[in-house]
Structures are given as C-alpha cells and as structure tokens.
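Shown here is one chain on its own, the form predicted on its own, set out as structure tokens.
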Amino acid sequence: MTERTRRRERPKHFDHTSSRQPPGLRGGRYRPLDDADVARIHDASLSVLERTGVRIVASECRDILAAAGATVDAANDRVYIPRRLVEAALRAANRNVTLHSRDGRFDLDLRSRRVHLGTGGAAVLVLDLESGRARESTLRDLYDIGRLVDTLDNTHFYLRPVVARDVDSDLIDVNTFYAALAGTTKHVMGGCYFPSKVAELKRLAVTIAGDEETFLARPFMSLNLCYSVSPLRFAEETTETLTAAVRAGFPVALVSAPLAGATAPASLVGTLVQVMAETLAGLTYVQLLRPGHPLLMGNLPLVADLRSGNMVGGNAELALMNAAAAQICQSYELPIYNSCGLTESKIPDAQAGFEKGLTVAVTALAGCEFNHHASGMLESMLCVAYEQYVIDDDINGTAMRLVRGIEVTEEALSLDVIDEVCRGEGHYLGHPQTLELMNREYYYPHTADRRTRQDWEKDGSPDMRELARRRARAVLRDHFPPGFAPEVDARLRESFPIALLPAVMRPGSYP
C-alpha cells in the first residue's frame, strides 16, 4: 500500500466546531531582548540589591536575610542583599513547577515557555449580564464566573477575579476559595488578606483533599501575594502571609507590580531592572525559608499614563515589558506570573478587543507561562463582564494557535497532494488531507461570527457581545459542576463560616 493510499484510507472523523487549543504549548518565538540585553538587566538588578537594597522593617524576614549574609542598616530599615546570596537562591529554585487541578484534567505544567492563559484581578465591579450596568461584585459572582470558566477551553486556570463585596473582611478568604473551588475543577489561585488566615485556608484545602499528604502532593490552590511595594520595599503584613504560606506548603506567586513612570523609572528597561530586583529579593527570601519551594516569579511591570498618572493596561509598553520579563525569567528557567488582556474600555467593544488581542498575543508568543488577567477584565482591572470571559476565550484560543506555529514535516509539505490536484485528481477542498487537517490545523472561533450576512440577519444581526451574552446565559442556566461530595460539603459547612447558600448551587437558581 502506498503512502498516498494510506492517507486516503485514514479515518475522516472530525469536529468542525472545535475551538480548543491545547494548553501548555511551548512559546518563546517573540524575543524583545537579545541575550546581551538579558544579561545586562540581570546584572543591573543584582547591583540594585547590593547598592540600593530593599526596605524591610524589623521582622523575622529581615533576621533571616541578615543571618544568611545580607547587610542590615537598622536605622534606615534597609537590607542590602549580596549577589552571591541571590545566585545561590537561583540555583536552589524549583524549575519543575506544576499547579494542579482537583481532578487532574487541567494540571498546569509551568516548565520554561509552556504557555497558559487565565483569569485574574481583584475587580470590585461586574457588568450585570441582563442590565449591562456596573454593580458591586459579590460572592455569587465568584461562583458563577467559576462555572463559566469551567466550560471555557482556552481559559486554563481560575484566579480569583472579583472581590466579594458582600462578605465581611474576616470571612472573605475562606469564602473566596470555597466559591471558586465549587465553581470549577481547574486550578484556583487567590490572595490572602491576613497572615492568620493561611492556616484556615490550609484546613479548607486538606478537608477537600481528604488529608494533608494528598493536598501537598497535588496542591490545587495557590496564593498570589503582593509582598513588594514599589519601589523596593517589603510590605510587612503581606511578607508575614508569604512566610506562613510557604511553611504551609502553598505554591506562591511573588507579585511585584511597579508602575513605569510612577513607582518605577519612566524608562521601560529601568522598570524591568527594578521589578527584577524586587522579585529576586522575594525569591532569595523564599529559598532561605524553604529551598526548592514551588513559586512563580511575579514580575508584573505596569504602565502609568504620564498625562494623568493613572494605571493603564491595554498598551504596547505593558506587552513589551511583560514579554521581556518573561524572557529574563526564561534565562533562569523559572516560570513567570505576568499580565496581559487588560483594557481601559468600560464595556466589551472594539477598544477592548484590540487592546486585549495585542497584549495576549505578545505575551503568549513570548512564552510567558502563567498569563493572568487574560480573561474578563475591563476598566483597568476595576470591572469584569460575563460576556467578556466568553469573548476573551476566543482571543486566547487564537493566541494559542499563534503559539503553536507552523509544523514543517515531510507530509505537511504536501508535495504529493499538490501533484495530485494539479494533475486533475480532485480538488483541495475535498482532498482527504483537508478533511484530516481541518480540525487540527485551523482554529475555529466559537463567538466571532463567520456566517453570511443573510444568515446573520436572520438571527437578528447580533454583534459579538450579544453572541457572548447568549452563551454566558446558557452556561449559567445549565452548567452546575459537582462541586464537592455531599459529605465533604457538610464537613466544610460545619468547620467554616461558608456564606454561599446551597440553593444557589443547583439548576433553577439562575434567573
């Protein structure tokens, strides 16, 4: 049997509606820096830590760094970290970080340049799906957005996107994670407001997992902690939370988010030097606490609009800096927690589309491993919209198709196919190769409209936002993940002040 005949006899089963791109594709084709630039920025960051140091008040953190060889100026609360200490921390760091899902289907392999896109933020507003008006975010939104994300193939993780404004601050941490984990089995990341609450979150995780050993073997929740306040200062309480989280075994993202031109130099490369110094200081501290602890380098350089001083996220400069930060972290072979998919638009519109598409494509092509804010965000991180999650999932799928690139193999070169068609043996559209590749080679958007004008008009001439609303409404009406086994949920409600009512977690509860 010839190779040509074998191709004709291959199974022709395909799904022409497929819009899923595999997570964890290897990026890194886009490199805004050359190798010499990367080395210079790294060296400059080490010089900052030695020369300028980090402001750390009297604390266990400062004592640990001092005991390891850092120089402390107690009168000015400055800690000078020698480069040998940072280099030792880089050698000790974990290069095989995996963020697990509860059921094992959505584990995130964060080895160098494996790209994942997901939600993010701590928005305080939600565009109501029915009225379209902004309202305060609630605990119910955390659960409902989780249910929506659970169905979106190109949204790979669920980072707490909104603040539950209807929950007291003392109860917010445990309720945030409960609602998020009940809504999806994908990996859940979130913050922790108080150091004392880390132990409570650990008990929550262990109760869900069944025992501590099982959770620590496959931690399905992690913490993003903004321990660094730019420029070059450790936040006292958040650093205590970081210490507790590492000792509890939670994977952590070390978040440093300076604003270029406001809390960091206006020079983009100067901001990169500062953000790398801040994150390397955090890395050094974590490695002294627990060598090899799973962490993400939280280099999150942001941009200030220098005409107003406001933070802006939908811009080329943010995309460039986040891509460059990823490239530097790739030189360490360490995963990065970075930002893309932001917009200053207040609604899902053309501005949101072009700003999101630009930054998501750039950071994904740069090989950023953990891209948060890639779904749902509006209004400079102040607001989210249900329909925006659906639209952004389409943007994410398209970006991941770019990351996958073009495969050049002997068969893909298609010499036999070209010869057959040009000699009059059929046509390309009906060729077995076309049927075989149509689902694997191409991305088919689930919300972007490719119908004829006639079909579109028969459907009421909906724009993309309306199509996304329809899908979001259908998911919220029909999709209710299993959440937790009844006996586990009963233990959780007995042990913790769970505010999410069981009545909202079953079909029929969505209007």
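Residue numbers run from 1 along the displayed sequence. Bear in mind the structure is a predicted one, so any value in this text is a computation, not a measurement.
Although not depicted, the form predicted together with another copy of the chain is the subject of the following passage.
Visitor: Could you check which residue among 86, 167, 361, 254 gets a heavy atom within 4.5 Å of another copy of the chain in the predicted bound form?
Guide: Of 86, 167, 361, 254, the residue with a heavy atom within 4.5 Å of another copy of the chain in the predicted bound form is 361.
Visitor: Exactly one residue in 217, 74, 429, 199 has a non-hydrogen atom within 4.5 Å of another copy of the chain in the predicted bound form; which is it?
Guide: Spelling it out, the residue with a heavy atom inside the cut-off is 429.
Visitor: For residue 190, is any heavy atom within 4.5 Å of another copy of the chain in the predicted bound form, or not?
Guide: Residue 190: no contact with another copy of the chain in the predicted bound form.
Visitor: With a cut-off of 4.5 Å between heavy atoms, is residue 91 one of the residues that contacts another copy of the chain in the predicted bound form?
Guide: The answer is no: residue 91 has no heavy atom within 4.5 Å of another copy of the chain.
Visitor: Given that another copy of the chain is not shown alongside this chain, does residue 80 nevertheless sit within 4.5 Å of it in the predicted bound form, heavy atom to heavy atom?
Guide: Residue 80: yes, in contact with another copy of the chain in the predicted bound form.
Visitor: Please tell me whether any heavy atom belonging to residue 264 falls inside 4.5 Å of a heavy atom of another copy of the chain, as the geometry stands in the predicted bound form.
Guide: Yes, residue 264 lies within 4.5 Å of another copy of the chain in the predicted bound form.
Visitor: I need the one stretch from 345-353, 143-151, 332-340, 235-243 whose residues put non-hydrogen atoms within 4.5 angstroms of another copy of the chain in the predicted bound form.
Guide: Every other range fails; the passing one is 345-353.
Visitor: Relative to another copy of the chain in the predicted bound form, which residues of 287-301 have a heavy atom no more than 4.5 Å away?
Guide: Going through 287-301 in order - heavy atoms within 4.5 Å of another copy of the chain in the predicted bound form - there are no hits.
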